[in-house]
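Take a look at this one chain, the form predicted alone, written out in structure tokens.
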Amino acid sequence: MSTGAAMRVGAEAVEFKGWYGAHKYLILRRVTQLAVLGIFLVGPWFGLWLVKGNLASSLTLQILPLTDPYVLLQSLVAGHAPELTAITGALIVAGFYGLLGGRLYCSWVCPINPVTDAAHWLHTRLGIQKGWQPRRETRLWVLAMTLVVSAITGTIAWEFVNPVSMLHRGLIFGIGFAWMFVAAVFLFDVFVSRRGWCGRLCPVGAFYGLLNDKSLLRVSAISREACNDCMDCYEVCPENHVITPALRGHGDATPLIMSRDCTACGRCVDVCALDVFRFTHRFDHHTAKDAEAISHAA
């Protein structure tokens, strides 16, 4: 796709909805990501310890423990006996994401997401070809490998190279080696593989994707009959293979995006001028056409 075409993505939505309406969920995600990051940083920066720790393990207001269940899993296979607070924190986090949607972490919480989004923007602006595209299952293999390495070494292996942890360290301690990992992710997505890190390699995304299977929050192509094939939703979606079954389905085929890869980022909702997409729950299988037929029957 040419640079000019890339700049036109969402232009029709801006015309019909206004600029904010065409970027609403993107803005809300950035606010959420900054707020989460800020909560962790106000302690070391300003001495206001609302939360101690990081996204791997933390204690909020000296009461609420939160533990990344992926970190706990690595700890268990490494042979460490976790404390009760760590187990409790992992159950809270796993329950939250299992109920609402595992990959909400990727699009609404993870501080690396703005980095990879910026890399995708630059990749598109430069008109670089898609590049090397590992199979999407590769991240599951990377996930398995981190557990094997943890078991062999007796360490929480992924934390040694986790870009999220490195970003936290870089923001707290300043310029240093940690930023190299963040820069490597950015450069990888710009020059090597379009959306390659989050979509193809990141084991954290793979883990939270496993929690996505039975989650309640879903995006629905409820008005798919109105689709004019502008393809804007495919251009902005970080996992655009998830759209087709819902958007192109006919008859009794569900309009819900049911793939575990969906990050519920809301960009398809933002950029669609025809309001084809909306957020709903996993039991809402009706389409706008169904609602219209019921209305006429009544």
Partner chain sequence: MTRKADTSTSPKNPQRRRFIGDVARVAGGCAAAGFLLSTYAIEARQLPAEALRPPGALPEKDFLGACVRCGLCVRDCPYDTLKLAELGGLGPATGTPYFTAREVPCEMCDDIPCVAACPTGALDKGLDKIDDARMGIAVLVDQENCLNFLGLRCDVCYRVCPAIDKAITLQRTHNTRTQKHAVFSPTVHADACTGCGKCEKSCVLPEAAIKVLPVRLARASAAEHYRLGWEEKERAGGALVPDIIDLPDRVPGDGAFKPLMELPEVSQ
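Residue numbers count along the first chain shown, from 1. In this text, the rigid core denotes the largest set of C-alpha atoms whose superposition between the two forms falls within 1.5 Å. In this text the structure is predicted, and so the values were computed from the model without any measurement.
Heads up, the form predicted together with the partner chain isn't pictured, but that's what we're talking about next.
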{"item": "Non-hydrogen atom within 4.5 Å of the partner chain in the predicted bound form for each of G53, L59 and V71", "value": "yes"}
{"item": "Contact flag, H80 vs the partner chain in the predicted bound form, heavy atom cut 4.5 Å", "value": "yes"}
{"item": "Any non-hydrogen atom of K214 within 4.5 angstroms of the partner chain in the predicted bound form", "value": "no"}
{"item": "4.5 Å heavy atom contact, Y234 to the partner chain in the predicted bound form", "value": "no"}
{"item": "Distance check, A157 to the partner chain in the predicted bound form, heavy atom within 4.5 Å", "value": "yes"}
{"item": "Segment that reaches the partner chain in the predicted bound form - one of 121-129, 100-108, 149-157, 188-196, heavy atoms within 4.5 Å", "value": "149-157"}
{"item": "Is_shifted P245 between this form and the one not shown (CA, 2 Å cut-off, rigid core)", "value": "no"}
